[in-house]
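Take a look at this single chain in structure tokens; it is the form predicted on its own.
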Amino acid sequence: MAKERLDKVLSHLGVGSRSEVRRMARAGRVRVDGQVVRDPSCKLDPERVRIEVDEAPLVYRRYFHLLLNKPAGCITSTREREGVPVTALLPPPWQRPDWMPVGRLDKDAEGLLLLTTHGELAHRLTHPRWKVSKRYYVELEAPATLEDVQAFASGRLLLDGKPLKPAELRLGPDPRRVELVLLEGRFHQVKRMFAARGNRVLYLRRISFGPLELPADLSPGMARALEPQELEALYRTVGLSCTG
């Protein structure tokens, strides 16, 4: 890859702000291939050198990805204008300004939310061309019916005058507790689909997004980095080579 300034690389890796890492370098706390580098403007290829801060080695990554179990009450945003953004849930080491939530979840909805810094990946995962599936657990006011199953699968259900892609409604032993698989993500789509059938959503949780599954041991409000096999599957889903 092209060479970049040392202070930019360290800031990208979450070591600190550009001004903070400049002070670290000038204080002699940064080594590149074993040599102290005090000039924060020096250029290097971060994929070909060994960088240490306070004698601790850093692992360079071009992009970052997190799997978050979104709790109700937070908004799928990185801004605070409309409420508490999901990024406010992240601990300090994971705070960065370039997070992008992939696929909106309603404020009162819970479940799997992917955060990434890779713009092309985020774009493809939400673009209709790639038909990335999203699976939801839904609790309803009234029992879902076989007629609902057929209506959702038909591709003739309209929202805002436009037909929805066929969706798979899965009925369980209790038809008030169902799963719904979508291939698109329109505004308040799950709630509006059931409303169009005369029903009301009481609780909504996303349990999968493409190849990613919501981990059973990930509590609401908690996040973790994606595993290598999850990253590979995610990139493969949208025709990209994994550069995670």
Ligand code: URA
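None of these values were measured; they are calculated from a predicted model. Numbering starts at 1 and runs along the sequence shown.
Heads up, the form predicted together with the ligand isn't pictured, but that's what we're talking about next.
Although the partner isn't part of this model, could you tell me whether Arg177 comes within 4.5 Å of the ligand in the model of the complex, counting any heavy atom of the residue? So Arg177 does not count as contacting the ligand.
Would you please decide whether Arg31 lies within 4.5 angstroms of the ligand in the model of the complex, comparing each non-hydrogen atom pair? No - in the model of the complex, heavy atoms of Arg31 and the ligand never come within 4.5 Å of each other.
Contact of Arg104 with the ligand in the model of the complex (heavy atom, 4.5 Å): Flag for Arg104 set to yes.
The ligand contact at Leu204 in the model of the complex, heavy atom, 4.5 Å: Yes, contact at 4.5 Å.
Go through Val132, Leu114, Ala167, Ala109 and name the one with a heavy atom inside 4.5 Å of the ligand in the model of the complex. Flagged contact: Ala109.
Contacting member of Arg197, His188, Arg26, Arg61, with respect to the ligand in the model of the complex [4.5 Å, heavy atom]: It is His188 that has a heavy atom within 4.5 Å of the partner.
Option from 61-69, 188-196, 207-215, 39-47 whose residues, in the model of the complex, bring a heavy atom within 4.5 Å of the ligand: Of the options given, it is 188-196.
Within 130-158, the residues that have a heavy atom no more than 4.5 Å from the ligand in the model of the complex: Only a single residue, Tyr136, comes within 4.5 Å of the partner.
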